[in-house]
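In structure tokens, one chain follows: the form predicted on its own.
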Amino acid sequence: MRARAPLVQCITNFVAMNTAANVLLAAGASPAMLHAAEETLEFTPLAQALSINIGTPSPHWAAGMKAAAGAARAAGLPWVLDPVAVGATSYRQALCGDLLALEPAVIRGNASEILALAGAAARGKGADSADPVEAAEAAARALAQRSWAVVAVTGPVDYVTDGTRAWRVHNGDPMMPKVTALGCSLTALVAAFVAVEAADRAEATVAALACFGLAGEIAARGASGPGSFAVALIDALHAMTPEALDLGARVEPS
């Protein structure tokens, strides 16, 4: 990651822009927070990966998302979809349907989002999940088989599948859901990992989740609350080494 410093275009929500950019910089990637449809056809092929988070959609932003995803597909670039609160409104459902047709390399969401995206019953509360990760595992596998994407269901224990293989990632800390935009930032980090390990998108996704979760564990050791935790997480990502990740990653095949 740090040797290649991949350029990652991020179309994300207003809440997450600053945090997502700082997470990518701390991990060694280069963020570009760019969403206008008028320039994505030119810019997206210059990036090494694209991250799309639909958190605060509008018609203009949706046009930019679809233009960028189409440009990424045409250029053979991996892109990652974060279907925030997809089950909350028909507008979000329609937007995600259009984006799924543009072949994301990875889909990352909470259990309720993955259930809704797969067409199953879900109990999401806006952007928050009201379903356990385990409830979405079968839907994630079916969605991966149908879309040819790697699907990551994140929660207390993450579940990742490419439709054939599957893993559980046990890294993370209970403080992480207390800081807004960390899930959105994780999607951008997955895009960066996939950019440098495109040969196996599933393993790249697992590595990104383990890295982010381990950074959360390290940050929590010295944090006194969500505010200091957010700063410590960025520092932990910046200080992460391959050796520390190898030692601290808690991943099991499923």
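Numbers follow the displayed sequence, beginning with 1. Note that this is a predicted model, so its numbers are computed, not measured.
Only in words, not in the display: the form predicted in complex with another copy of the chain, which the text now covers.
Asker: Quick one: which of 60 to 68, 213 to 221, 186 to 194, 200 to 208 gets within 4.5 Å of another copy of the chain in the predicted bound form, going by heavy atoms?
Answerer: In short, 60 to 68.
Asker: Does another copy of the chain come within 4.5 Å of any heavy atom of Pro226 in the predicted bound form?
Answerer: Heavy-atom contact with another copy of the chain at 4.5 Å: present for Pro226.
Asker: Would Lys178 show up as a contact with another copy of the chain in the predicted bound form if we use heavy atoms at 4.5 Å?
Answerer: Lys178 belongs to the contact set for another copy of the chain.
Asker: Can you check whether Arg92 is within 4.5 Å of another copy of the chain in the predicted bound form, heavy atom basis?
Answerer: Judged by the heavy-atom cut-off of 4.5 Å, Arg92 is in contact with another copy of the chain in the predicted bound form.
Asker: Taking any heavy atom pair closer than or equal to 4.5 Å as contact, tell me whether Leu25 reaches another copy of the chain in the predicted bound form.
Answerer: Contact check for Leu25: yes, within 4.5 Å of another copy of the chain in the predicted bound form.
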